[in-house]
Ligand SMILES: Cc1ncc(COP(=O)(O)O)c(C=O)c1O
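The chain below stands alone, shown as structure tokens; this is the form predicted on its own.
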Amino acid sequence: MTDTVNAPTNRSLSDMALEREGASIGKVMKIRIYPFVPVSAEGTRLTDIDGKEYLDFIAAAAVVQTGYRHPAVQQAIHQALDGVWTAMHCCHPHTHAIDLAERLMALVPGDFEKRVWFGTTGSDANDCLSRLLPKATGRRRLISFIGAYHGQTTGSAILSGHQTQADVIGLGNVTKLPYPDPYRCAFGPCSRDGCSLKCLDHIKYALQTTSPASDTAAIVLEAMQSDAGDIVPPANFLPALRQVCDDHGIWLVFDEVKTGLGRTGKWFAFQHAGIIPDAISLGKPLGGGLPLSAVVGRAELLDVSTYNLFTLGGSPAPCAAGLAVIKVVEEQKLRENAVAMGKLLLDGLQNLAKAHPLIGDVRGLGLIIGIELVRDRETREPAAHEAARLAYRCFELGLIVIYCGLHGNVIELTPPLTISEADVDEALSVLDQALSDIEAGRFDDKKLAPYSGW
């Protein structure tokens, strides 16, 4: 930091770093919510460039399952780096990738022959699916859902139904349908089960019209929509959807990039519905924070005769980290901790809702939880600006959260799966104070000007 020695003392190191970044890194890769520049991390804590410590309740967008710098994951990475630094897996494999592929095939249920494909991001994993599903089935069409966020590459963005991807002009072979959201059902107020039935009727109609069943390769979805606002579908939806697919010979494919590997309390979110998919995509936590993604699915999907490969897909160090992450999640019972801490967090948030009218709904599975903010509980008017204020105020109080949702009004919590009761209590205390401050008007909106978020 030699260039900051003579800087004015009234400017923080974070401010100066962000100024330098603004002059060097393009805006197209930024979603900024508050002035935060982390330089170190340990467990569930982050420390910024000015030395302030924060409790992290986003885990780098649900990436850090095992907490920061977990010794077992760190050791696995170091050992891999001492061996083969990188490997062009398309031409010569290495054992870390083979070991991880075998482990993933064992984790994903299904009494059929499986294969694994490796990439570097969740986006390219979903791009792989968008490309291979029509080839493997001989059917041209795909169905996905409004609100879905499948990635940034062209193929994954075309599958997405999120407004941040709306500038990507899709292909005519993808039909996007309403996802069952009982709090904001696309078909009007209804019961949870009723919301599912209305969405299922719409899917069945589409299979008769715009996406004929005989030409539909797969239905691709998140078992719990995350960036749309952490929407948990009613319990009757996924089993009924599996039956619809079976009735028409359509594959059912899940995007588990954000919800997989223990976050919801099970290895994969679809397991809450007791169903078996034909393929899934993985990313984010898979590489322990290093770039790694995967598709696990039917052999006839991933053995299809076409090239879909990346030079760095399935590199040794990320694969070694992935094996370590799975081992830590299993041996340290982090799925069980996600269930216990998730319940504690949900109960605490529901108690906060009694005191804070800004909270319209609280929902989640394990340790992926959404707090939907509204200006009026009767009309359910989205409180998007208040969500931005709340995230910023939490940051000021030492808690890292983020907001998301189709209306930008949902505070998302995806902490490391290693969090403790003390961490939950601390987070609830900060959220309580921050909500009180926002509801009382104790926030200067001028601070938000440089941080437009989504």
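Start at 1 with the first residue shown and count on from there. Every value quoted in this text rests on a predicted model; they were computed, and no experiment measured them.
Absent from the display: the form predicted together with this ligand. The rest refers to it.
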Requested in this report: Classify residue 122 as contacting or not contacting this ligand in the predicted bound form by the rule of any non-hydrogen atom within 4.5 angstroms, answering yes or no.
Outcome: yes
Report task. Flag residue 289 as yes or no: does it have a non-hydrogen atom within 4.5 angstroms of any non-hydrogen atom of this ligand in the predicted bound form? Result -> no
Query raised in the report: Any of the heavy atoms of residue 277 lying within 4.5 Å of this ligand in the predicted bound form?
Result: no
**Report entry** 4.5 Å heavy atom contact, residue 284 and this ligand in the predicted bound form
**Finding:** yes
Query raised in the report: Pick from 380 to 388, 85 to 93, 206 to 214, 114 to 122: which stretch has non-hydrogen atoms within 4.5 Å of this ligand in the predicted bound form?
Result: 114 to 122
Query - in the predicted bound form, the one of 222, 181, 361, 127 near this ligand [non-hydrogen atom within 4.5 angstroms] - result: 222
**Report entry** Residue (of 257, 159, 371, 253) lying close to this ligand in the predicted bound form, criterion heavy atoms within 4.5 Å
**Finding:** 257
Query raised in the report: What residues, if any, in 135 to 168 have a non-hydrogen atom within 4.5 angstroms of this ligand in the predicted bound form?
Result: 149, 150, 151
